[in-house]
Every structure is written in C-alpha cells, then in structure tokens.
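Coming up is one lone chain in structure tokens, specifically the form predicted on its own.
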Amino acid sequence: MLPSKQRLFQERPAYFSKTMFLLCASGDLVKVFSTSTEECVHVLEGHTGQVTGVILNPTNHLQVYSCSADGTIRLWDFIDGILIKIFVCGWPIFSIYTQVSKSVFVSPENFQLVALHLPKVPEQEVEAREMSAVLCNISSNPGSTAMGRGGEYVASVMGRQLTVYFFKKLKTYRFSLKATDKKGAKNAFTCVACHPKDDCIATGHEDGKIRLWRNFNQKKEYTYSTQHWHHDAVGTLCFTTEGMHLLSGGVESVLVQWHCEEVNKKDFLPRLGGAISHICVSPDGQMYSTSHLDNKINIIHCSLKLSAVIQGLVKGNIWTDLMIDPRTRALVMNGRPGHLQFYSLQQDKQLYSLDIVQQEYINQEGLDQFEVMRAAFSVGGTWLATVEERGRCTSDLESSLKLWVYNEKAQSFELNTTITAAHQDRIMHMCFSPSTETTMLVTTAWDNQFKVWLLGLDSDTQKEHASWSCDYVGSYHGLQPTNCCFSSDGSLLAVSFKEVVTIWSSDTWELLTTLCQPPGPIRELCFGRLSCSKYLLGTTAKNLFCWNLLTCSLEWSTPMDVCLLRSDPLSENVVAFSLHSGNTDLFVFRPSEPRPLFTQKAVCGGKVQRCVFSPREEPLDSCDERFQWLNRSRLYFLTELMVPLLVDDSVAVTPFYLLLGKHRQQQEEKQNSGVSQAADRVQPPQASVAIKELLHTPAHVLPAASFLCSMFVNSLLISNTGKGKEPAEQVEESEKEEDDSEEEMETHDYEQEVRTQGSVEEAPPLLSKAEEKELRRVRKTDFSWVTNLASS
C-alpha cells in the first residue's frame, strides 16, 4: 500500500492543442483540460516519475509527447487518452523542447541539450539511446532554452551569456554581458524566446529589462535594443504565433503585451493572482495561457480578457493545520498570502478562497505582512476562528483573533468579531467545544494563559446580534500552555503546560486533576472517541502515553518518537506518525489497546507535518481486513516538501477481483507469512490486463465483438498447467483489422500485445481438489451463445 500524491501543476509551461485543449504536467500525470469548460477531460497516466515536459507532435495534432524523471518519453493520443508508444531512454529527463524529423530535443540529468533519435518501429515499447549533444551546460529552467525560426537554430541563456547554435552551419556563437551596467542594474539572463518568423531573440534579465537581439549570426555585428517595464526579474517570455507581439510576465502578476512594430506601445492585464512562471500561445494565436507559481493556470483571450481559471491546490507556506470544512467536506488550509483555500478533494479543484487578512498583498522581498497562522472550525461548520500575525521575526508582534460566521444566503463566511491583542503574546493553539449547548472557543498562548471565549448577545445595541467575549482566563503555576483539546462530549478540557497535563471542567472551570509522566514537554494531546472516550493520549519526544480518565492513571505507554497524532472523528481509530532514520512510519491503533491495527514502515520520506481525516461520502461496503480502519474516512497528510499525500486504501472487492485475484492473494499471503508485519506491502487487487483494456479502450479502435467476447471469457479462466498462450487464429484475425495509417497501426499493435499478455498468468496458483473439479466443469461449458449474442 503506497501513498499517492495530490498532484500539483509542475513549474512547466502548459500547451494548447489545435482543438483548443490545454495540456499540462501534474505530478506523474498529464492532464487535459477543456479551455471552454475548465474541466479536466482526460488524465494521461503511465509515468512512474514526475512529468517534466509536454510538447505537441508537430506531425499529428492529436498526439502529444511527454517526458519524465522516470527515464521515458511517451507518445499519447490525448483526445482518447491512449498511450501509443514508450521510448525508454534510461536516464532522467528534465525538459523536452520540440521535435524535428525523427528526433526530439531534451535535457537529461547532466543538463545538456541533446537530440534524441526516436526509432520508427512497430513495437509499443522501444529503447531510444541514440543521441547527439547540441549544447553543454544549459540551465535547468526550461524557459532558458528556445528553438528559433522553424528549428534552424537554438538559443540558450545561462548566467550572463547567450549561446546560439545553428544546426545547418554547425556553428555556435556566444554573447556575454557585464555583471552590471553603469547604473548598477543586474544583467544576468533569466529567460529567452525566439521570434517564429524573423531572426530575432528576446531575453529577460534580473533587473527587469528585455533585450531584443538581431544579427546574432555574426559575432562582431550583433545588435540589441532594450525595453524596460518590470520592476523585478523577468520570469518568462513568449512570442505570439505570427510574431506581432511579445508577451512577458514576472512577480508583478501582470501580463505585458509588447507591440513588436511599435516599440513604445504595450498593453497590460494586471491582478492575475500570482507570479507568472510561463506563458503559452495557442496555434491560432487567439488564446494565451499563463502558468503561475501558486499552481494556477489562467486562460486569456488575445484581447487581454480573462477567459477561464484552472486553479489547483495553492502552493505556499502552510501555517494552519489541515482541516475539513464540515459543510462542504473541502480541505481547508493556507492558500494565497492572507487567504484560506477551500479545496474539493473529490473534484480535485478549488471551490473558493476566503480573504482573511483583507489587505492587498505586496510582492516585495523582506516586507513583513500579515499571515494566517491558526484556524479552526466549530463542529457544525457554522463558525470559523482564525488568527493572523505580523512581526513574527521581531519583538513587535501584531495579532488578531477573528470569528467568522457562515452566511447561508451568501454561501460563504462573513466576519463577525475581531479581537485585537486577544493575548499578550503569540497564540499557539485553539479549539472549539463539540458541545451543542454552548458555542465556546479556547485559545492558548505564550503569555502563560489559556482563555475561554463565549458567543453571547451584544448588550450595547440591545439587538439579537451575536458577538464573542472572554468568559474565563486560566493558568497553571506560571507555566507556558501549549496544546488544548475537548473531550468528545465537551465536558472536559485538557490543557498541557510543558510536562504537565491539566484537566478542567467546562461547566465550572474547576481544575479537576493533573497528569504527569516522565520528563519531556508534551507535544500532542488527543482524546479518544466513541467507546474510547475515557482515554486521553499524549506524546513527548520519546514516548506515547495513554491515560484512563476514570481512574486518573496511566493505562499504557510505549517508547516512540511521535511527530504527529490525530484521531478519526468517525471511529475510535487514532493515527501516529513516527520519524525514524529519515523516513516516517505510520501506526493505526485504538486507545483501548496498545497493539496497532495497522502499520506501514516508511510511508514517506522526511517528516510528516500535518494530517487530517476526511469523511467519505459513503462508507465502503467491503475491503481488505487490514484497511477497514479506512472504511469511513480517508487519511491525508502533508510532508516537509509541502506535498499532500493520501494513504491509498484498497477498493471494495469486485466480481473481477473475486474471479482473478482471490487465488493469487492467497498465494501471496502464504509466501509472506514469515515476513515481519512492519515490512509488509499489500498491493491493491489487480484485475486482468485484458479486462482493463476492454473497459478503457475507446470503442472506435476496438476489434470485432466476436474477438472481444472470446478473449474476455478466456481471460476469466485460471490455468493450472503453466503459462498459456493466445490462439494463433486470434492474433491473425486482429492483424487483419489494422488500420492503414501508421499511427493507428502502432496503436493497434500495442493493444493486441497487451491483450495477449493479459491472459497469461505469471505463476500457476495452487488449487484444492474441489476448485480443480469446478474449473473442469467450467471449461466444458459451451460459451458459444455469448459469441452469437455479440455478433447479433
């Protein structure tokens, strides 16, 4: 069971197709979006590493190449989502630029530009290792290399040098700039673009200038002119299809359209939301796309009117916990600076962004601005509490506690109460009471106090206007409080003060008892739920503890470095993440019993920083026994690399799995019975390759129905005599139905090869005598009526 990434749009340009689809790299996938509806119409799956580049096939506008860090280049029919061919290179590829004749220009792991020959053979998977070097030591940024004038030359920038290589003349010209000009501006190159029809190269620079180079085919007579608008480094450049305009973008979040024929004329489209990293133009020149560092793609009409927005999970600093909005079941966390993003995990798109700070964000390095540091939802999702801070790196801290109420009519949260300086120091933790009788919020801070806030009436206005006020201030021997949490019924509040856990009555705010354990500050506190509600869990740097609140004694403890502890709101299950040897291990248990229900070693590399349980829309009816803890919820967690991961559960058992996977799973369980449970890796049930191809291959490229029926029935039979083979007659029949076009013939060859392999069992399973007898009976059954039915 391996985690799967919540994919982010990589920092690579998106590309328009001639049929007005937008293709972009997203983790180890290529996503195909409709430019009119903004919907993802296809997901091209197959790469096992991060997709690092996507380009259209210039000889077939319905096909696209993708390259990946897994060392392969794949050719797709993106309209139907079909993988056509795999070219195995054997080393990671970090960018792909264009195709000329039978070669593509790529940048391998040593950051050279090489021409890679793509063999024209009928096999679906082929090795492609014949290559020739073009340029050495190019930048890792794909925007620093560009092809010019129909592939006649290539331009690349790095540092303060522009390199131009002409393919026919086999000549290289290099042009260098001084580190600074007379006014001290930085001349280092940042990006490059080539005019599609003229010998003109545009380069962007760190000081915000754009230079237009001409006569660069002669070392001594080259010239350049300079344009300047950007106040910071130019992030990307792109010429329009006919070369009438040059587009530029950077940290200002403004798309600038320069008129090539009128030097001083330019148009602007401001407030695009984030720093622009890439710009792309559609083949007909009518649409532009801007890719942003906050994981967003804007689709813009050539008249500079925003047409559509494709917003992924916003990347940025994550200060708040991962939360689930009880109303929409959306994942809530930091988004754009000063905002909370509401992201639908089911639809894989952002629902909306809530402006918490309500101040314009200024993109300037070193400027101290307000950030959302804490957030929490009430049980029903009616109330949202947020804490924003400024001056975190100085002694002059500014902080505000805000309470937001959900407006049913507006279908959004509205600000209800703002409390400035709610504490005299930084607020570290807060939580709502789950009780439905009172609406209560508790905050802890570095001022050695915890405060209780209650929702009441505004006595000044004498109106039924709800407002919040402080009801109680608590402390314990001048120690600094850290964590706080309510019991499942809201009757008890647990607050940790360094090495001591205090238990308070939420009715009288009487200190009921204190709980101590071996030395070490308390990291996490967590109450049990449902039948385990009498237990309280705590962690330190070396131990995990469980107290029984009925006896006020330590129930059990175990030595473990737990970096994160969370409970499932829909069950008694609790998850603990433990960092060990640079990797994080996952443990699932119930507080009533220290023995774990499930363990997975090295669930991810590095430290897990945030996690949350997301309730399912419908509980799973059946799944593997080891994964029953995921029947009602799914577990998401965030790593140090700010990559959201999902603990992938086994799907409900299907009839196909019962037919094809049951015996194989029994064999694997017998073989792995001697392996330690901690090192177990249980894979999801795998169905026949033939069935997968039958269900996912578009109808217009499928063979005849008579062939499919016989193939389908044969794939259900489990051989007990060794490796089986497809009948030769079926192979010959499928060959007769191949299309005349070369591309379709390659696709069909691949499909036939996969279907042939799909009926071959890798190892004969061990069957009981009763099972062998049942299989002999099935083989004697006449299935000809299926073929007749399909033919009719």
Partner chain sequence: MGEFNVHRVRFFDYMPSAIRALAFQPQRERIAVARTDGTVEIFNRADCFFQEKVIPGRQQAATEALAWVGDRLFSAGLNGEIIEYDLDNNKTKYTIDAYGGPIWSITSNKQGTHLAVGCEDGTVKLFEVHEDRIQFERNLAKQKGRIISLSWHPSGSKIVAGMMDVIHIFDTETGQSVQRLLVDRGVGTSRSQECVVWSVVYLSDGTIISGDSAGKVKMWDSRTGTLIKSHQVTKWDVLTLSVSQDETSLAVGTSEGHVVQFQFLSMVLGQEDKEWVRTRTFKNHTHDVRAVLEVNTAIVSGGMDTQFVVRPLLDKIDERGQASALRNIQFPHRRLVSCARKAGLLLFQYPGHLELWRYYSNGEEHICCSAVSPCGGWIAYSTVASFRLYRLHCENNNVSIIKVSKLPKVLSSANQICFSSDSSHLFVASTLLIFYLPSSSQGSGQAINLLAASEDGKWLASANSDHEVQIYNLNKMKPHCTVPVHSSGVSAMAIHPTTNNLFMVHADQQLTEYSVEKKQYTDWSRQVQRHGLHSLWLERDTPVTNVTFNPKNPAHIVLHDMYMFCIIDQTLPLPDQRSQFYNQLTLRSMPEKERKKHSHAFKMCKIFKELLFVELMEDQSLVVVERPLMDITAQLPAPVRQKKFAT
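Take the two forms, superpose them, and find the largest set of C-alpha atoms that agree within 1.5 Å; that set is the rigid core. Residue numbers count along the first chain shown, from 1. Please read these numbers as outputs of a predicted model, since none were measured by experiment.
In what follows, reference is made to the form predicted together with the partner chain, a form of this protein that is not presented.
Asker: Is N217 close to the partner chain in the predicted bound form, meaning a heavy atom pair under 4.5 Å apart or at it?
Answerer: N217 belongs to the contact set for the partner chain.
Asker: How about K498: is it within 4.5 Å of the partner chain in the predicted bound form, going by heavy atoms?
Answerer: Judged by the heavy-atom cut-off of 4.5 Å, K498 is well away from the partner chain in the predicted bound form.
Asker: Flag D199 as yes or no: does it have a non-hydrogen atom within 4.5 angstroms of any non-hydrogen atom of the partner chain in the predicted bound form?
Answerer: Heavy-atom contact with the partner chain at 4.5 Å: present for D199.
Asker: Can you tell me whether H117 touches the partner chain? I mean in the predicted bound form, with a 4.5 angstroms heavy atom cut-off.
Answerer: Heavy-atom contact with the partner chain at 4.5 Å: absent for H117.
Asker: Heavy atoms within 4.5 Å of the partner chain in the predicted bound form: which stretch in 262 to 270, 351 to 359, 499 to 507, 562 to 570 meets that?
Answerer: Partner-contacting stretch among the options: 262 to 270.
Asker: R149, R329, K542, R634: which sits within 4.5 Å of the partner chain in the predicted bound form by any heavy atom?
Answerer: Among R149, R329, K542, R634, a heavy atom within 4.5 Å of the partner chain in the predicted bound form occurs only for R149.
Asker: Could you spot which one of S132, S225, S140, S176 gets a heavy atom to within 4.5 Å of the partner chain in the predicted bound form?
Answerer: Answer to the contact question: S225.
Asker: With the core lined up, does the C-alpha of H195 move 2 Å or more between the shown form and the other one?
Answerer: Yes, the C-alpha position differs by at least 2 Å between the shown form and the other one.
Asker: Does superposing the core leave V372 with a CA shift of 2 Å or more between the shown form and the other one?
Answerer: No, its C-alpha moves less than 2 Å.
Asker: Taking the rigid core as the frame, does F166 move its C-alpha by 2 Å or more between the shown form and the other one?
Answerer: Yes; that C-alpha moves by at least 2 Å between the shown form and the other one.
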